[in-house]
Structure formats: C-alpha cells, structure tokens
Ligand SMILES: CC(C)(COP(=O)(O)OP(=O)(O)OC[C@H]1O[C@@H](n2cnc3c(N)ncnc32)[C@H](O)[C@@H]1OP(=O)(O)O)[C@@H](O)C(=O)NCCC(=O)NCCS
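Quick setup: one chain, the form predicted alone, written in structure tokens, and binding and motion questions come after.
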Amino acid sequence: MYIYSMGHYFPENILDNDFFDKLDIGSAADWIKDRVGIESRRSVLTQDQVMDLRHGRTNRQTLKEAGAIESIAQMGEKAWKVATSRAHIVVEDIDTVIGGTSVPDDDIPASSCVIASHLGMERVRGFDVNSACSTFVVQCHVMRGLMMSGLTKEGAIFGAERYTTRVDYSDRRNSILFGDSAITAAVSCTNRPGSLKVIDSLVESAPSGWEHIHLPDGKFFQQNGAAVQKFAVTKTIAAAQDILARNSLSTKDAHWFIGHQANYRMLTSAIEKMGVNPDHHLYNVVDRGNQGATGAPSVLSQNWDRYKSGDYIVIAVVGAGLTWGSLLLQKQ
C-alpha cells in the first residue's frame, strides 16, 4: 500500500496556557509547560464557549444543537482540500473510505459515509475503524489488508478528533491536554512518485487495561494518569523497536520518528530511551496539544515535503483499550 497524499486541518481557535490561567482551576501556565510540555492547542470551541462550559452556562449538547461545533464532515473536508492540493486524486477511482473518530457527531451513521457524501464519493464502501488514539495505524493496517487481498485498489482514510468538547474544564488533570484536528490520507495499491510505501504495520492490545482510559457515554474523558504514562512510554518504545526488528532494521536506520502526541514529556522520555536523534523526532504536541488519533498523522502530513527518497519513517502510537501499534514507511 502506498500513501500518495495527505492533508491536515487545525481549527483557528487557540487555547494557550495563559487562557487556562483564566479558568481558575489551579493550572498556571508555567505549571502546564513544566508538567506536560504543552504551550497551546487548537479547538473547535472559542475561548468564550470554553469559559461558559467551565462555569456551567452551557453544555456540549446545547452548543451542538445550535450548530456551534464544527462537524466531523466539515473538518474532514478541509483536510481533504490540503490532500488534493498536493496530488492529483481521481475521486471516481476511490472504492473504499475508512473513517475514524472517538468523538462522533452521532452514534450512527459511520463518519466515513457522511464525509464521502460531502465529497461526492458515492460509489464507495464506507466504514469506520475506532481504536482510540491508535486509530490511524489500525486504519492503515485494515486498508493494507484489503489491498493485499485484492478487494481494494484505491482508498481514502479520514480521522477527526474533538476532545476539547468532551473534557471537564474544572479538572486541570485532563482539560489542559487536548486539542482538535483532522487528517486524511489518499492511498493506492500502486506506486506513484513521491508516495510513502507502507512497508509494514503492527497492531497490538491488552484488553484487561481498558478501564485506564475511558470516555463514558455522555460524560467526560477520564484516565489513570500514572498508569497511562508508564504504559505510553513502554509501548511506544516496543512498537517502534518491534516493527524495525522484524524488518531487519534498527533505530539508527530510521530517518524520522513520530509518536502519539500525548504530551511532550512522554515523547522525549521515549526517544531518549530509544536513542533517537532529537533532530529526527517530529512532533506538534507543543502547540497543538494531544489530538487523540489525529496527532501522529497530522505530524506526518505537516512534514510531507520534508521526506527524501529512501527515508524510513516510523510511527508509533498508543491508545485506550489498551492498544498500541506502529507503521514503517519509506519515501519513494
């Protein structure tokens, strides 16, 4: 499978650390930066809307019914525009669309079908894949399997996350972490100039740890921070090293490393333990926050013109479930 174009989208609303000072939740700007290394995030919500949520003057459902929250399809369409500006994409050739989000507009239909409809993709099979923050790797894993089987020739992958609409803004432990974004990838079973070849994909899970990260129906995001931090570092390293080893490569062979954008402190701990050159570590968590499943692929998309022919790129992600996985890509 080849990724021949990617696109990303970040909402315009900025929630910086100074804004969280104004929420009066004990989260000083310096405290946030020291604790998680995040300085700002993008959100589908304005600062005024977040302030109203914090003080109980509104709620997510009210904002949604008023049309104040950007939809998954709207976000996906904006990411798609970036992808189409980078490569010639024949929409009529796409036969499979895989969507994915942890924060859907509605329980049904699948977000893939809504996005496909918005983009005029009517002759496609559409379905969603959700593995929390590991979703993009799993989407690629599934799409790669379909292409290897011959069932799919041309496809599109979409992801959009809006965790800023599902956190408790009176709780500094989680509300300071998240930002919103959307991504898309145009994929093919045939090579095109400048593509990223998906050499290998790895997907793993430890279901007994499902309670450590949880977004209950109609409630706020919650996690066991201490357990999740240790898990994230350990499995990020394992996912990266395992996919390299089974392709007879080592960390030194990887030209670029992209991890799940959980927080900057977690990422730096992982790359230091792996011995990754900091100059080869790509990230956006510092100014975009933890974007869930769209964090790592948005970094991949942002740096699209940076990769050189022959470069190996390793993406390692972790998520609720507990899940983890990795991709080994090579620039063609």
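The structure displayed is predicted, hence computed values, not measured ones. Note that residue numbering begins at 1 and tracks the sequence as displayed.
Here the subject shifts to the form predicted together with this ligand, a form of this protein not shown in this document.
K.L.:
Decide whether Met148 counts as a contact residue for this ligand in the predicted bound form under a heavy atom distance cut-off of 4.5 Å.
P.N.:
Met148 lies outside the contact set for this ligand.
K.L.:
Would Leu119 count as touching this ligand in the predicted bound form under a 4.5 Å heavy atom rule?
P.N.:
Contact with this ligand, no.
K.L.:
With a 4.5 Å heavy atom cut-off, would you call Ala73 a contact of this ligand in the predicted bound form?
P.N.:
Close contact is absent here: in the predicted bound form, Ala73 is far from this ligand, nothing within 4.5 Å, heavy atoms only.
K.L.:
Indicate whether this ligand has at least one heavy atom within 4.5 Å of a heavy atom of Gly26 in the predicted bound form.
P.N.:
So Gly26 counts as contacting this ligand.
K.L.:
Considering this ligand in the predicted bound form, which of Ala226, Ala245, Ile108, Val90 comes within 4.5 Å of it through any heavy atom?
P.N.:
That would be Ala226.
K.L.:
Just to confirm, with a 4.5 Å cut-off on non-hydrogen atoms, which of Leu300, Ile69, Ile271, Val36 contacts this ligand in the predicted bound form?
P.N.:
The residue from Leu300, Ile69, Ile271, Val36 that makes the contact is Val36.
K.L.:
Do heavy atoms from each of Ala83, Ile157 and Trp304 fall within 4.5 Å of this ligand in the predicted bound form?
P.N.:
Judged in the predicted bound form, none of Ala83, Ile157 and Trp304 sits within 4.5 Å of this ligand.
K.L.:
Specify the contacting stretch among 200-208, 95-103, 172-180, 187-195, defined as having any heavy atom within 4.5 Å of this ligand in the predicted bound form.
P.N.:
In short, 172-180.
K.L.:
Heavy atom within 4.5 Å of this ligand in the predicted bound form: which residues of 78-112 qualify?
P.N.:
Residues within 4.5 Å: none.
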